[in-house]
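Take a look at this single chain, the form predicted alone, given in structure tokens.
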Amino acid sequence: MKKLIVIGVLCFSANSHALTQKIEVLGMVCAFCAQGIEKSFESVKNVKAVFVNLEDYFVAIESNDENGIDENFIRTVITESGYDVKKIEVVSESVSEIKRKYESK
């Protein structure tokens, strides 16, 4: 029982230090380009997870720490892919939670 409690605390602690940013992207409709955006962010050292949602025009990026990914870098990657960033916000959900929510629709 003690082992389960310790494991639970460690999992919660590890997840509480991550930061998820949700980026609203204007005009993103191409699956090929969305895949390129996803790969660009996955190659960044501090990125833990990425989810691109074409239907709702957003990208969710979870970092490995509480600092997140530099917003100027995010804007550069997305604008160089041919899109515009409407808004960047920090959200409380992890990328896996966001992905589950949108894939179950």
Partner chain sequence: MLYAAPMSFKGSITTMATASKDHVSLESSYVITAKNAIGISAHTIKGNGYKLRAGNIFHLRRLMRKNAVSSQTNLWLFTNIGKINIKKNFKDKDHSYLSPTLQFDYETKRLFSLFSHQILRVGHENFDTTKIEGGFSFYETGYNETQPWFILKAKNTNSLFKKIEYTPTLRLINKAIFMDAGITDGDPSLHLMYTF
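Numbering follows the first chain given and starts at 1. This one's a predicted model, so the numbers in the text were calculated from it and none came from an experiment.
The form predicted together with the partner chain exists for this protein as well; it is not shown, and the discussion that follows is about that form.
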property: Ala31, Ala34 and Ser81 all contacting the partner chain in the predicted bound form, non-hydrogen atom within 4.5 Å; result: yes
property: Contact of Val52 with the partner chain in the predicted bound form (heavy atom, 4.5 Å); result: yes
property: Interface membership of Lys39, the partner chain in the predicted bound form, 4.5 Å heavy atom rule; result: yes
property: Contacts with the partner chain in the predicted bound form - residues in 56-73 whose heavy atoms fall within 4.5 Å; result: Tyr57
